[in-house]
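A single chain comes next, written as structure tokens; it is the form predicted alone.
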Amino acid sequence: MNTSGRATLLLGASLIFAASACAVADDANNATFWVRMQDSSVATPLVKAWNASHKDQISLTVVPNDDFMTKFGTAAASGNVPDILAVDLIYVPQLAKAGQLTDITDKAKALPFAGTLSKAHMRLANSGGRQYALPFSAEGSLLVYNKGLFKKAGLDPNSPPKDWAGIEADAKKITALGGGVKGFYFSGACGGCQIFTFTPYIWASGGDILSADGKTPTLDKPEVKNALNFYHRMWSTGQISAGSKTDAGQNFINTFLTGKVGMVGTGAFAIGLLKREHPEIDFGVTPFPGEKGGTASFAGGDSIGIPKGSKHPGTAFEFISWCLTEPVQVEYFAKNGSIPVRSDLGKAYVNGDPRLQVAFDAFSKGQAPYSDKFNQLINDNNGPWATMVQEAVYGGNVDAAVKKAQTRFTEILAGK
């Protein structure tokens, strides 16, 4: 999984799609726009609306999530890049460092709503004080829980856990219902899933996995070890189903949809999914709590920028700024269940559902690690982050797993 929540749900589906062009036929006079599969449901009507109202046309290409960075790398190497690129925000530091994105600092600062744009997106797209991309789509991680199982277990369905002890206690009571019901679930073989739903427990407890500048690993701090021990206790006492250990993201949300899981970390996308396709599940959402209180969330989504070598940079920035206007954010994002990337437009997204308010607040306060080596460190399911979680949670030797990961993080960040 990449780190934007919905990616996991769509991972399997994305593999069966080939890259496709739509909206208008390819033409040398058209600006070209590449998006990941997970953003296609938003980008397709968006481009259609733009083309219906603007002289300069845009040709959209949807790329399978897992192929996106490789396809863009090939394009950049050949000098045949798209004019506009919407990419997972965690990869923007890497692209900016490689000099593959256009500096749009002055134009970005001039936008009348610049101060409302997602702080997480803006931070990861800023390198050396210069801005290389703007927010395009948003996703926030949170804890979703089954109110029906809470009731059956004698728990208050309107009082979700506020700390780790609460999660463990509630998980045990829910698991005790029997019949294959488990109190908790997470995708244990998926680095991207874990950064999205496990790291917030560390952040909410005052810890982190990297220094603020992304140059130094901080895995050996107590908050990280404590979080790993927290998960290990739930695993070793049977609160998590056996399938978790080998789940590379395929069942990121699917286990919860069976109605037999009490709590799972997921993304805001799950709220719309559950309401639309599983009305039989009475559910609530809550931010990830810290060990002794506090909350945190991963702020994910895609950023949009102009690759170096774009043949239509003027049209590209005009389109990017149009995407961020209030009418577009409300009509094509908020009303379709996507969190708007502007802090002043939450009301249109929430629309009276308190669960969506939790999701909007979680995203607005969320954070994301800054690293130009994110894939090597985190997203690689055989990399040091995912390996650490596997060895600590399922193996139980937390100290050894952390020491090994800290060493490997240090080597990767040093370019070794």
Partner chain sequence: MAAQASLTTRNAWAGYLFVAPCLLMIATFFFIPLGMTLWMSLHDWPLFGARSFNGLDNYVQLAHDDSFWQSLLFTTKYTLLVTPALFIAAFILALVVQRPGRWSGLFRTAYFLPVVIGMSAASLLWVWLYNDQVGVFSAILMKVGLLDEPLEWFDTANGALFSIVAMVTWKMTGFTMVLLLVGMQAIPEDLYEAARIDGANRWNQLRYITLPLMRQTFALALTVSVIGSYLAFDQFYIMTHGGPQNSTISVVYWIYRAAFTYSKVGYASAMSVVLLLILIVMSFVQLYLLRSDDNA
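Positions refer to the first chain, counted from 1. For clarity, every value in this text was computed on a predicted model and none was experimentally measured.
Keep in mind that the form predicted in complex with its partner chain is not shown, yet the notes after this line are about it.
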Look at the candidate spot formed by 76, 242 and 387 and say whether its partner chain comes within 4.5 Å of a heavy atom in all three of them in the model of the complex. yes
With a 4.5 Å heavy atom cut-off to its partner chain in the model of the complex, the contacting stretch among 341-349, 145-153, 255-263, 129-137 is 255-263
Please check if residue 321 has a heavy atom lying within 4.5 Å of any heavy atom of its partner chain in the model of the complex. no
Is there a non-hydrogen atom of residue 100 within 4.5 angstroms of a non-hydrogen atom of its partner chain in the model of the complex? yes
Taking the shortest heavy atom distance, is residue 382 within 4.5 Å of its partner chain in the model of the complex? yes
State yes or no: in the model of the complex, is some non-hydrogen atom of residue 281 no more than 4.5 angstroms from a non-hydrogen atom of its partner chain? no
Work out which of 44, 375, 51, 30 lies within 4.5 Å of its partner chain in the model of the complex, going by heavy atoms. 375
Within 4.5 Å of its partner chain in the model of the complex, heavy atoms considered, which of 116, 94, 229, 286? 94
Can you tell me which residues in 224-254 come within 4.5 angstroms of its partner chain in the model of the complex, by heavy atoms? 242, 243, 245, 246, 248, 250, 251
